[in-house]
Every structure is written in C-alpha cells, then in structure tokens.
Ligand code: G3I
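Just one chain is shown here, as structure tokens, and it is the form predicted alone.
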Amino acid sequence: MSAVASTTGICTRRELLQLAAGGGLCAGALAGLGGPAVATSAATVAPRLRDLAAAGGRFYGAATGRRQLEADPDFARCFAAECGLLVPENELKWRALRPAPDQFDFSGADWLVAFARRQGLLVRGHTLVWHDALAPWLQTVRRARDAEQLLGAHIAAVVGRYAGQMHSWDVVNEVINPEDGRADGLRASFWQARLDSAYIELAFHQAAAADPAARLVLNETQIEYDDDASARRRDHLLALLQRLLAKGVPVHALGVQSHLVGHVASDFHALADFLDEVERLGLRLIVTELDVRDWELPAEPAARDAAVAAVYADYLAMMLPRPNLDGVVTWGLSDRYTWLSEYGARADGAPVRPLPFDHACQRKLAWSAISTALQTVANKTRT
C-alpha cells in the first residue's frame, strides 16, 4: 500500500480514497487541508521538494511566468523555496517572442532566467516548435524554403541567446496526433504543412548546433493511460523516436507531459512498458507538465484533495524509481496560478485544486504525495 505523508503524519492511499469518497480525515492529514504556512520557523520547516528530489538524484521544478513572480512576492518566495528548476510557461513561445518577423522580445524570458540565476535554479526552455501559440504573422509564410529558413534562424537565435544557461529544451512539442489521419501519426500543423516531417529533424539539429550542452527533448502529451487512444499515440511516438535516432538526430530525452485526471484510476502499467522501450533506446526521461485535473471530482475540497493526491502517489510510484528519469516538473506550483482555471474549469464554478500548493500557497495533500514519493527514492539512493 502506498502512503502519503503530511507535515504532521501519514495518510495511507486507502485512507485518501476513503476521504475522496466522503469519509473523515485520516489522523495524519493536514489540519483543515489548508495546512500550515510553508515555513514559520526553523523548528517547523519540512523538507523542501527541491531538496528531497536532489537527494534522490532528481530535480523538482515547476512552470511559472514573470507576471506571477514579479507581482506576487509570497508566491515568488514559495517558488524559490520549493523548486530547483524553473520553466517559463509562455515567455519562450513564438507568440511571446516574435511580435513581428524582424523582431524578438526576450524581456520576459530574460527576466525569468535572471530570477532563476539569483535563486540558484536550473531552467528548462519551453518550447521551440509547437503547433499552438504561434505568432499571427506566421500564416503569411507559405513556401517551404521560407519556413525552413525562418525556423532555423529562430532556433539559432533563441537557443544561442541562452546557450550554457539551460538544463534542457523542449525542442518539439506535441507532434503526435493520430486523429489527423496521417499514416505516421504526426500532427497536421503549420510546420508539417510546409516542411512535412523534416521540421522535426531540422529543429533538433539546429538546437544542438546552437547549444551542444543542453539536453534536447521531444515533449509529448496524452500517452499516460491504458485506453486505445493513448496506446495509438505511444505506438506512433515510439516509431518516431526510432526513426529519428536511426538517422542520428540528436534527441536526448522524452518529455512525458503527464496532465492526469483525478477521476480515472490507473496503475500506469501500459505506460511503464512503453517507457521500458524508450529506455532501451538510450533516452532519458523528464516528467514535464504534471498536474491532476479535479473537474469531475466531488465539490468538497477535502475529498478532491485526497483523490488528486492519490493520483500523484500512484503515478510517481511508477515514474520516480526509473533510473533514466532526470526529474519532475509540475505545470504550476500553486492553485493560485494554473492554466486549468481556464482550460479545466469545473462545472460547479468551484476553484480548481490540481497542484501541490493551494490558493494561499499552503501545502496540500498533493504536496505530501510528491514529497513522500521523492523521499522514497532518496532513501533507496542512500542505501
């Protein structure tokens, strides 16, 4: 039985599920599920996620943005305390970086990299190539030759600017989409329409040339569950990785986004088998965008928090012990700032609770699930 520790004790997974079904709090649950403040004195400071991860040879980090950190000192302190790595949530996407064909705006990304440096955090670059968040003017680029030159120059400029400062880059993001009907399972996108699959190879080669030290990642979504759609994605993704590596394309790691759902139970057995195949290819792994949607869970916050924490516990029990795993990134740190407030909103209008910290930047059972999983790996590393 997996266990989820709080700052005051331990809830077993069975107790979490009982709570999710409407039972009472287990003895070890955080008081009122609001939890104590992040840190009030030396006597009450619990281990930070960044330290627990480092003790097990991993990193823990989260995605955030300049606006949140600059305008919210409490959140910034929480982020710097708990995270060992920062991912710019939007500042490195085309829409933010390229207001015009002949113009870059690095102000947001530069600010975040400087913040990370002051706090001693690693940084991941997200993302160089994606079908979404494109600058509107890109649609005027029609010819393959122009698209190739533009993409290569963009990657050279962006990766080159931060060379030596990035742990890793999501070079291409969400390239698999079997629903688009291609035999190879690739997503129909702006880049695919102009360059077919060659844009993927171009992006990796250009990124490697611009920063030979960075870990280059193919980042993919919706591969985590046991359903047929996830299985098709995994099959196409594995075939793509095999093709790229056979051609000598410098892919170093697979990013597993891990946007999970709280109302679906899984032991993630099919994903584990797939990741065994990825490991045999010699690739590293990064959990890149972990969160747990609560949109179909009960309205009562305690029940939701318990169900969300149980998913974190089950998923990380499978993922964290993998020897080729670099680390875990949650897509946000506090429920105060999460993309799911818009894209995963609840029908009842209640604020969503998908992340380790609540709206007040206080630790939740999700934090406890993550910390316990990290502690387990750290203990095994020490022995």
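Note that the structure is a prediction, hence the values are computed from the model and not measured. One rule holds for the numbers: they count along the sequence shown, beginning at 1.
Unshown form predicted in complex with the ligand; subsequent notes refer to it.
- In the model of the complex, no heavy atom of residue 167 sits within 4.5 Å of the ligand.
- Contact check for residue 289: a heavy atom falls within 4.5 Å of the ligand in the model of the complex.
- Interface residue remark: residue 59 is not counted as part of the site for the ligand in the model of the complex, having no heavy atom within 4.5 Å.
- At a distance threshold of 4.5 angstroms between non-hydrogen atoms, residue 90 is in contact with the ligand in the model of the complex.
- Heavy atoms within 4.5 Å of the ligand in the model of the complex are found in one stretch of 152-160, 246-254, 266-274, 132-140, which is 132-140.
- Exactly one listed residue, out of 259, 284, 236, 98, brings a non-hydrogen atom to within 4.5 Å of the ligand in the model of the complex: 259.
- For the three marked residues, 106, 110 and 115, no heavy atom of any sits within 4.5 Å of the ligand in the model of the complex.
- Contacts with the ligand in the model of the complex, taken as any heavy atom within 4.5 Å, map within 162-190 to 173, 174.
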